[in-house]
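First, one chain by itself in structure tokens, the form predicted alone.
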Amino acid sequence: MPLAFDVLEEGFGAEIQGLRETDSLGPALVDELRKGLADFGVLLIRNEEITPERLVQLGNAFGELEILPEPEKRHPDHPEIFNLSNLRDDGQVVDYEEPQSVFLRGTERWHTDSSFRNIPCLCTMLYAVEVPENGGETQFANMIAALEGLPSDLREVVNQNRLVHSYVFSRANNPGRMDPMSPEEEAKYPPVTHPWVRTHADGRQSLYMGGHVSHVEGMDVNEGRELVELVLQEATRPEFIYEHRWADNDLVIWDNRSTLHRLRPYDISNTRRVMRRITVAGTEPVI
């Protein structure tokens, strides 16, 4: 039976009905999911217990999975899974200024995953193991609609410019002290440039920016950062946003090519939040 996609917010985001843990991830089903992802940008599956093995299987159905920086945050049995948790190895909640907390709080900035790669990722899948009663929502911003809604003067500027994306830059600008990356790890992630406006396979265009952006290529650094912030404010107006309020066993899949996202604050030093993330590698450069 075909999947059903129930729209969440003005055509942005959809809840999937009819996908179960036991379903075989054959080509027809994956094609439905891929089309739904392109059409809606964000897909939601509620109240489905998903094992780490199944999460990896679901990601592999879309393509090759990325192995992300920060090796200490990888799942011990499945390195493709990135543990986004505020629990230490001993099960205790982290202190506010611990590097683990600083890293998580850094995701409160608008960003798109893996934009620091020459070929950025296709999509991210985030599974909720344990979530707080209050706070910790994830907001998603529709960059296709945001580009269409830009004032004409800003639209002209973004059409003419490229942005420099850097993992080392974004990590260094997290809100607090983090353990330094090794020179070997830093060398794996040199800065890259991408067009500010991304053209998709179906001809649509979107803004392509976020927290990994260090500056505008060829522009004074401070002037460029002010410009980026101005465009970001326009692009994340409430009418472009879907906010997801998590429940245990929710799975959200989002298209990193056409969306931005950010974590909303929660009581990170007193309230448990355990999430599992996998990222599907992209196959085409940003054009």
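The model shown is predicted, which means the values in this text are computed figures rather than measured ones. Numbers follow the displayed sequence, beginning with 1.
The same protein also has a form predicted together with a small molecule, omitted here; what follows describes it.
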Partner-free chain; cross-checking the small molecule in the predicted bound form, the single residue of Ser206, Ser115, Ser214, Thr138 with a heavy atom within 4.5 Å is Thr138
Residue within 4.5 Å of the small molecule in the predicted bound form by heavy atom, from Leu84, Val157, Val94, Val102, is Leu84
Here the chain appears without its partner; judged in the predicted bound form, the stretch of 216-224, 258-266, 38-46, 233-241 with heavy atoms within 4.5 Å of the small molecule is 258-266
Open item on the list: At 4.5 Å between heavy atoms, is Thr107 in contact with the small molecule in the predicted bound form?
Closed with: yes
Query raised in the report: Going by a heavy atom distance of 4.5 Å, is Arg277 a contact of the small molecule in the predicted bound form?
Result: yes
Q) Within a 4.5 Å heavy atom cut-off, is Ala146 in contact with the small molecule in the predicted bound form? A) no
Contact flag, Arg198 vs the small molecule in the predicted bound form, heavy atom cut 4.5 Å: no
